[in-house]
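Have a look below at one chain only, the form predicted alone, in structure tokens format.
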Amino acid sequence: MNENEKDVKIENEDELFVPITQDMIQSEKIIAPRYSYWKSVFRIFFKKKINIFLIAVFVLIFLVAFIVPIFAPYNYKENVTILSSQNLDPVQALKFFSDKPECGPSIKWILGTGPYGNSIFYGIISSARTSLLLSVICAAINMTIGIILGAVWGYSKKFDSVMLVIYNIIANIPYILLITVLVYVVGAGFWSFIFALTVTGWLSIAYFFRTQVMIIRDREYSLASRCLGTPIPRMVSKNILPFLTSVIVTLLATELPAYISSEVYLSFLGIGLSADVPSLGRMISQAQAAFMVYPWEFWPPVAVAAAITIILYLLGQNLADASDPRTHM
């Protein structure tokens, strides 16, 4: 190395050290990468390839359930007068309706026919639409009311004393008995069934959040906010709920498939939706008596109900794990 190269190297090394001024604002700045909570959540969530596959399957089921009935409405009594069209397996149904000039071959009969000559394939699609709507509406109502009241319940001692009495009374009533009474009183329609599931369904969610809020409300920053005179609604919205994001997502992950399971179970028992509302539970209930003789009527709705429930549960659990800040390392 010659003398000129040595001089250049020394000059470059000297440039690494730059004098700083006594600037108070600059001295408080921390050089660190910007952190976005939700960006980190979705980065962790989509890192698992199984989540992409589950989302694709769920979106496909969702689109089919909500688009197909618009162009092909389902009528479970459309062939009730044609006795030869009832309880046909897929091969027999495709052959039977392809021989009719007015019908022709159609994907409509790919899963066979039911006890009224109805299309099982169209019935499952319409029933899946009912189950998805029911779960989303019930979860939205119960989660919204439960989170808001639960947050206030855990912070206000006066409200706590009143709500504990209400909770202890309602919690001791068997859930199935309560739903049965409400269905018989208000009717068995779609909105009546939603009312029966939500009139007290938010109470257990609120009680759960009461416990979570009581854990956080006595931390140092909450006590400091209380001493400074911060209103309770602002303390709840700024100090409490942001720290419960992962808890909310975890609870939502269990609530969505739970309502689908409740609908299937209650309709199977005959206390769910009315007969004119397509339902996976009702299809299973109608087919279970003769599922050994006509298995094509029983297993497809069971498989779809199980698939929707499992997909929603797995997606919710994986999203709950990704929403935990401890995984954002």
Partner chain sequence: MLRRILFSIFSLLVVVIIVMLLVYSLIDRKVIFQSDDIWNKKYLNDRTAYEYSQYEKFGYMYTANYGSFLKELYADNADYENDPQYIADKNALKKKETYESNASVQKFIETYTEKGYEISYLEPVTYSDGSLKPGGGAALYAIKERFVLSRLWDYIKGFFSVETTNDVKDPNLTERYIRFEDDPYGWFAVVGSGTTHKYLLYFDDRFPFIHQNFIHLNLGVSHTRYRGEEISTVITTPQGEMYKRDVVFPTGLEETETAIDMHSLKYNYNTGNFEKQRFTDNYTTFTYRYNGLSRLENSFVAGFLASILAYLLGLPLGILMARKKDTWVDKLGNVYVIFIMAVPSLAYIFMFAAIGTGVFRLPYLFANAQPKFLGYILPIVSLALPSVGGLMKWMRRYMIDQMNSDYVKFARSQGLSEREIYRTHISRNAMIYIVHGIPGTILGSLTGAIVTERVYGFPGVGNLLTEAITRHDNSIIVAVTVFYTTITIVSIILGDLLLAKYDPRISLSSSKGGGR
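Please read all numbers here as calculations on a predicted model, not as lab measurements. Numbering follows the first chain given and starts at 1.
Omitted from view is the form predicted in complex with the partner chain, to which the following refers.
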Legend entry - Heavy atom within 4.5 Å of the partner chain in the model of the complex - the one residue of M292, A56, I50, I70 that qualifies: M292
Inset, instruction - Find the only residue in V91, L83, I173, L228 having a heavy atom within 4.5 Å of the partner chain in the model of the complex. - result: I173
Legend entry - Complete contact of T144, Y155 and Y207 with the partner chain in the model of the complex (any heavy atom, 4.5 Å): no
Inset, instruction - Mind telling me which stretch in 181 to 189, 216 to 224, 132 to 140, 195 to 203 gets its heavy atoms within 4.5 Å of the partner chain in the model of the complex? - result: 181 to 189
Inset, instruction - Tell me, yes or no, whether I284 is in contact with the partner chain in the model of the complex, where a contact means a heavy atom of each within 4.5 Å. - result: yes
Inset, instruction - Please run the contact check for T211 against the partner chain in the model of the complex: heavy atoms, 4.5 angstroms, yes or no? - result: no
Inset, instruction - Tell me, yes or no, whether F45 is in contact with the partner chain in the model of the complex, where a contact means a heavy atom of each within 4.5 Å. - result: no
Legend entry - Proximity of L273 to the partner chain in the model of the complex, heavy atoms at 4.5 Å: no
Legend entry - Residues of stretch 293 to 327 in contact with the partner chain in the model of the complex (4.5 Å, non-hydrogen atom): F298, W299, V302, A305, A306, T309, I310, Y313, L314
